[in-house]
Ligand SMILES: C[S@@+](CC[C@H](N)C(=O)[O-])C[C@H]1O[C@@H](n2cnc3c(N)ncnc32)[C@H](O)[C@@H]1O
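A lone chain, given as structure tokens: the form predicted on its own.
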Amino acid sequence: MENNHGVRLVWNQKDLETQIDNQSFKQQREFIFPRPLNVQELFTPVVEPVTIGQSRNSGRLIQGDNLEVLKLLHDEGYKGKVDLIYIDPPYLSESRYSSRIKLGDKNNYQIFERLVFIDEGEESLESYLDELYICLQLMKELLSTRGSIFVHLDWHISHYVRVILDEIFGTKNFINEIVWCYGGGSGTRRHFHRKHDLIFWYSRSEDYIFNPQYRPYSHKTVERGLTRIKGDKYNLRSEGALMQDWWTDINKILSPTAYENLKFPTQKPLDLIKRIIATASYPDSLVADFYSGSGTTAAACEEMERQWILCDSSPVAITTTIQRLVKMQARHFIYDTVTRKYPKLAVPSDLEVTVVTQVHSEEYRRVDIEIISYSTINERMEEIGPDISFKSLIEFWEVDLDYQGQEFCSQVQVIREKVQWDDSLPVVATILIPFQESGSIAVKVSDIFGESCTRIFTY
């Protein structure tokens, strides 16, 4: 590794190699074709069958430990294929990050907190650095020669990580320390309000992608122009002034009613990620995020037509991302779950669904689906009052209209129109499908805990 000054950050376990045996992994794959169902109509438009592999997937969402996922991507041949990596890892902030939601109807609800992850404190410094150090080395190998990594941190741990990044990527490949400034209240009276994050930008080589970004000129600059200072040969650029390395024009998602707010604790603004993607990637680039949270990177890539890979270990993060992408009618993508050979046993769920199919015409078959009930023996269920309807527990549900007995292919989805957890989620749908004599239909329900249950029906 390049280290121009011979200076390294050292801790007890640093140089111990971590061997990951991929033979102990178990990978489960699903295919998601975002097509949110319009349940307001008696019949939906005819749902044509989809063919897996028929067209290029826009992205890949992976649920699993990021270290294991990184090793898996290496073995799958992704070395040197990624143009941009953005990561927003834990900050060692000694905090519990929860998704705080209002569960139930407006006249009968309770506030419920879903734990997303626990960010350890200073006592976990060595284990934190050890894991991040290994992950960053693997990420570097995934980067193309024109690739870059943006590492988003705050004051808790940024000074340590900066030294590690210098060691792994080399000080010559340090491009910018971006200061993201934002507003918002703070109750402290013992120090200045801490209202900025740091984003470290490093490249893989000197030949990295850089698309300059611009900001509007100030009103006074527009009025006076540049001639008084620089002479007549200089003019204001039509696109604006070159962007500086301190960003004050994008605020945090502060309002609980903001249209972008998905009730995810570490959610970053879409405009922030879009600026980074615009800066350091091309339309043909592959973009990756290995601490993907609410899926903002995938949403930005969908708007900007980039290919993407996302990874997170939190079930709440995964269900939030899937629902977000379905709602925006993203391009179809792969959803992989990577676990150990002997994973933790699934939480038992009780799902009662009726599926009735009948001939509608010579060309079509009618499928009537109704979810009768849903419950789960999740350890958190005892915190939920008995008056809360089972509909409030369902995050969203999906249907595979031509289930082939292996990978679930999500062909239509029923999602919440608003970010609320009440009885408004429809549990009845009628779908027209091209006629065939026999087949199988699978209905999958995902709940507020990030758990899921599937029922299969044959006709």
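Nothing here was measured: the structure is a model prediction, and the numbers come from that model. From 1 onward, residues are counted along the sequence shown.
Omitted from view is the form predicted together with this ligand, to which the following refers.
Engineer: With this ligand left out of view, choose which of 82, 369, 317, 139 has a non-hydrogen atom within 4.5 angstroms of it in the predicted bound form.
Structural biologist: By the 4.5 Å heavy-atom cutoff, the listed residue in contact is 317.
Engineer: Looking at 264, 335, 180, 202, which has any heavy atom no more than 4.5 Å from this ligand in the predicted bound form?
Structural biologist: Exactly one listed residue reaches within 4.5 Å, namely 264.
Engineer: Hey, of 278-286, 293-301, 208-216, 142-150, which bit sits against this ligand in the predicted bound form at 4.5 Å between non-hydrogen atoms?
Structural biologist: The contacting stretch here is 293-301.
Engineer: Taking heavy atoms only, is residue 268 within 4.5 angstroms of this ligand in the predicted bound form?
Structural biologist: Residue 268: contacts this ligand in the predicted bound form.
Engineer: May I ask you to check whether residue 313 falls inside a 4.5 Å heavy atom distance of this ligand in the predicted bound form?
Structural biologist: Yes - in the predicted bound form, heavy atoms of residue 313 and this ligand come within 4.5 Å of each other.
Engineer: With heavy atoms only and a cut-off of 4.5 Å, decide whether residue 88 touches this ligand in the predicted bound form.
Structural biologist: It does: once this ligand is placed as it appears in the predicted bound form, residue 88 has a heavy atom within 4.5 Å of it.
Engineer: Can you work out whether residue 364 and this ligand are in contact in the predicted bound form, taking contact to mean some heavy atom pair no more than 4.5 Å apart?
Structural biologist: Contact check for residue 364: no, nothing within 4.5 Å of this ligand in the predicted bound form.
Engineer: Across 365-397, which residues bring a heavy atom to within 4.5 Å of this ligand in the predicted bound form?
Structural biologist: Result: empty, none.
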